[in-house]
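Okay, here we've got a single chain as structure tokens, the form predicted alone, with questions on binding and movement later.
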Amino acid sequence: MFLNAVVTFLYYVLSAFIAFIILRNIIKTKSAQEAVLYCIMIIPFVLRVLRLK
């Protein structure tokens, strides 16, 4: 039970970290096309962090 909780916590931390990296890239990019691509890429990670998917 404890190991399951640890793995789940690490999964959400990793998803949040990847979402943060993508969000940072959205802020840094100058191209609108790249920003839209990053927005599409970030959706699954945000949903996982919010536990919706």
Partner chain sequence: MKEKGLATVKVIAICLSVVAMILAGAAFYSHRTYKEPVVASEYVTQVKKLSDYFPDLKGTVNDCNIYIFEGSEPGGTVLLIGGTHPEEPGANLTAELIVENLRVKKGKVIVAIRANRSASTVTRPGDAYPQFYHIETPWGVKKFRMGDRWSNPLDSWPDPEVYVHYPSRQMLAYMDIRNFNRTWPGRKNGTITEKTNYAFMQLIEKEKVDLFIDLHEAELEYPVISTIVSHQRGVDIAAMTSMILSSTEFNIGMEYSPKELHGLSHREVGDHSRAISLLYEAPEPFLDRVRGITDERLLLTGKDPFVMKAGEFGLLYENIDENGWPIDVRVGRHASTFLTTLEMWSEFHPDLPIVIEGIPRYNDVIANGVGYYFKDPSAAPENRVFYE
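Residue numbers count along the first chain shown, from 1. Definition used throughout: the rigid core is the maximal C-alpha set that superposes within 1.5 Å between two forms. Since the model is a prediction, treat every value here as computed from it, not as a measurement.
Omitted from view is the form predicted in complex with its partner chain, to which the following refers.
*Asks:* Although its partner chain is absent from this view, report whether F17 comes within 4.5 Å of it in the predicted complex, heavy atoms only.
*Replies:* The answer is no: F17 has no heavy atom within 4.5 Å of its partner chain.
*Asks:* Taking the shortest heavy atom distance, is A32 within 4.5 Å of its partner chain in the predicted complex?
*Replies:* Contact with its partner chain, yes.
*Asks:* Although the partner isn't part of this model, could you tell me whether I21 comes within 4.5 Å of its partner chain in the predicted complex, counting any heavy atom of the residue?
*Replies:* Because no heavy atom of I21 falls inside 4.5 Å of its partner chain in the predicted complex, the answer is no.
*Asks:* Given a 4.5 Å distance limit between heavy atoms, list every residue of 2 to 38 close to its partner chain in the predicted complex, or none if there are none.
*Replies:* N4, V7, T8, Y11, Y12, I26, I27, K28, T29, K30, S31, A32, A35, V36 sit within 4.5 Å of the partner.
*Asks:* Is R24 one of the residues whose C-alpha moves 2 Å or more between the shown form and the other one after the core fit?
*Replies:* Where the cores coincide, R24 shows only a C-alpha shift between the shown form and the other one that is less than 2 Å.
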